[in-house]
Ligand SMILES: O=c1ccn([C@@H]2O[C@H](COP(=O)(O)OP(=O)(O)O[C@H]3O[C@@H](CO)[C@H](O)[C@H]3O)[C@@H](O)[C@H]2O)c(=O)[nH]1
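Next up: a single chain in structure tokens, the form predicted alone.
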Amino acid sequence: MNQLFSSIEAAPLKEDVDIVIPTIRSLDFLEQWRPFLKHYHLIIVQDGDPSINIRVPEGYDYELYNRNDINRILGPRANCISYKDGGCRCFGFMVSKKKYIYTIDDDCFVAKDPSGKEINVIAQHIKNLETPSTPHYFNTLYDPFRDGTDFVRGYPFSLREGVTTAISHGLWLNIPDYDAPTQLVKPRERNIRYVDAVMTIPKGVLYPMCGMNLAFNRELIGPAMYFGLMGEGQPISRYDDMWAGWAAKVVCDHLGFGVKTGLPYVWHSKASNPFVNLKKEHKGLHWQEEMVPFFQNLRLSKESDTAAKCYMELSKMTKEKLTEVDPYFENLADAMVAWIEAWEELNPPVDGKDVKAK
């Protein structure tokens, strides 16, 4: 096995990874994560009231931003960052300067595999991101770059090199990531199945991305990882990661990057209130029937050869196509433009260059 991933105590690429955590409370959950996260830099985005003091366990290297900081740094563009919604985490993506981002929710803990061994999520996510994806032809043994597996008979040799992986989408044990109606009809359901697999999501196929256990290559896809305009003051919430997932997947497909899902798992400790969630989600439950076909059918132009250019083009399409669903989407499209403008101000291209499609 590659030495980079051979030890559960390893901190692979610690100089290239930022951990982004959105929160409204003290981060005592980090005590359990200490063996795996202690070597990494944390970017904590405090949601809600900035006067509340957030406690971070001693020994961690971190930056802490609250709403006052967001307003100060982004100025008139600060309104593009969601308030009282997990989507505030994308501010951490913007201010990071690292190649990779891992983002986790503060109600997620270290999970164990079936042998009882604690799972090093960072090591697995980095392995997913550092090995190719295969979006153009499905391998029935899932990820052919894992130890003990390979491409099966009949897999074209011309496609075996794969493409660069931009997103690694991890899963969760215990509390599933359900919407409010499913929570209400299955209040006691728990995910106890550990599926030992990583697979590439095929090109042209969307998926519901969950932000609670997620890693991505910020250099390749960062500008497309915008978690929307959600929460207080908006008619929708809890769709921030869905919007980012649909948009980023379309951009990945266009630019020739790959998306993986599966390992690693975290332990999701608590279920949110389904009645509160229903109030937050109810418009999204209707709008997703329009949003998903929108993303399935859109085609980006050849001129959009970076994630930022793709997202600017996507903002125009959002305004043109989705505003007829609800006026909210015009505001969202404007926020998408503000997001890219703020991103480029804080992250100017190095030597006038940006990461382009192959």
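One-based numbering along the sequence shown. Note that the structure is a prediction, hence the values are computed from the model and not measured.
From this point on, the text means the form predicted together with the ligand, which you will not see here.
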* Asked: Would K270 count as touching the ligand in the predicted complex under a 4.5 Å heavy atom rule?
  -> yes
* Indicate whether N277 is a 4.5 Å heavy atom neighbour of the ligand in the predicted complex. => yes
* Can K84 be called a contact residue for the ligand in the predicted complex at 4.5 Å between heavy atoms? -> yes
* **Heavy atom of L220 within 4.5 Å of the ligand in the predicted complex** => no
* Specify the contacting stretch among 163-171, 239-247, 69-77, 122-130, defined as having any heavy atom within 4.5 Å of the ligand in the predicted complex. => 239-247
* Only one of C88, C252, L229, A215 comes within 4.5 Å of the ligand in the predicted complex by heavy atoms, so just point that one out. => C88
* To do: Consider the chain as shown here, without its partner, and state which of L285, V110, L141, C210 has a heavy atom within 4.5 Å of the ligand in the predicted complex.
  => C210
